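One chain comes next, on its own, written out as structure tokens in the form predicted alone.
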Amino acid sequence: MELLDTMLMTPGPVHLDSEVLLAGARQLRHHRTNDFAPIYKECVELLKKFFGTTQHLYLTTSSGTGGMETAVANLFNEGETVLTVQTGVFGVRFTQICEAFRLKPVVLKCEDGKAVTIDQIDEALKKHPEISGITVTFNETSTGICNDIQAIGNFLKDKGKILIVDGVSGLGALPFKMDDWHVDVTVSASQKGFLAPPGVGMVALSDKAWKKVETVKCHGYYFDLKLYKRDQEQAIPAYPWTPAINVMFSLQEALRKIDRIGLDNCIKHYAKLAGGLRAGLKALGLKLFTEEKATSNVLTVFYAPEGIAPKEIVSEMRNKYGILIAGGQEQFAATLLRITTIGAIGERDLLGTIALLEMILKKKGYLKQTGAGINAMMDYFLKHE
């Protein structure tokens, strides 16, 4: 049977609701007119609210990686030393971006499945006092880790370093307060916690970070934040290039919806779904990958049963049942599976996902009988209504 669509239970892009998708089907508006400027301005203001900042925030036409590159290109001169914290694939990506711009990365590679500690950062800074900036992933979707950005920001606040946080998958889904936590630069994107299609990157900067931007000759032109600031402060706020106009329509609708529901309520909803999912997986005897104290509510990462390739499970879930979960990334591809708990989803979608996963695991010989996972999830949801 050919399925008409697929439910995305992946950590990004996430499953979207029809109102957000239909908003993007509107007729184009010209991006240098008063027809479009209010949309752009509203998106910026709502995002500042959700980032937890009153300072600078600019939108780019890119994915989250474009936002990461924008931060590095604008904040550091060639040859500067940057500490790149690696708690998964996206921490490695920050290292690669720094290398591409001829910086000198000092790599802090954490043990698989574990968050970075303040002691590890402190040790690296003492060993390399020349470090001028630090990159950290807030929510690492390859490993399910949520790093303690509040503690890191408090530790670094008086040390004269630029703290850059990859918030691509965490913002909109987890508590985050950029200004209160002393974060200098936060990057994110439209397709994960902000519940919109891919195409809009976001870069927020503290006043401290902006002062550094003014001293750096940007490595490039398209992502030069000085140009974004210039155009955003015009009488008709504008974007320096042609933006992803229809994605912005969808983003505006998604941000309005989050604001109506309340960001805190969205975060609580995701926490409930994550708790139910983990209860179900544990009841099936599946081993979780991430250390408990650092486990993110954006997704849960777990080991596939021994002898069953993750790609086999992913393929059957998608091709037979129309549910797309994620396998592991890169070095984790042969061992891990990932299921999200964010997006336009609820208990119905998770219960269906776990029920179908149980069916597949029974057919493959891992389970003798079905029901343990879905029963554990239902019990959890009933206790947390």
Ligand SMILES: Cc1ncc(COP(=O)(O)O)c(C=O)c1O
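Predicted model, so just to flag it, every value in this text is computed and none were measured. Residues carry their position along the shown sequence, with the first being 1.
Keep in mind that the form predicted in complex with this ligand is missing from the display, and what follows is about it.
Residue Phe90 is the only one of Phe249, Phe194, Phe302, Phe90 with a heavy atom lying within 4.5 Å of this ligand in the model of the complex. Taking a 4.5 Å heavy atom cutoff to this ligand in the model of the complex, the contact residue among Thr186, Ser169, Thr143, Thr135 is Ser169. Interface residue remark: Leu350 is not counted as part of the site for this ligand in the model of the complex, having no heavy atom within 4.5 Å.
The shortest heavy atom separation between Gly64 and this ligand in the model of the complex is within 4.5 Å. Remark: Ile339 does not count among the residues lining this ligand in the model of the complex, judged by a heavy atom distance of 4.5 Å or less. Met68 belongs to the set of residues with a heavy atom inside 4.5 Å of this ligand in the model of the complex. Stretch 90 to 98 is the contacting one of 250 to 258, 90 to 98, 70 to 78, 154 to 162, since its residues have non-hydrogen atoms within 4.5 Å of this ligand in the model of the complex.
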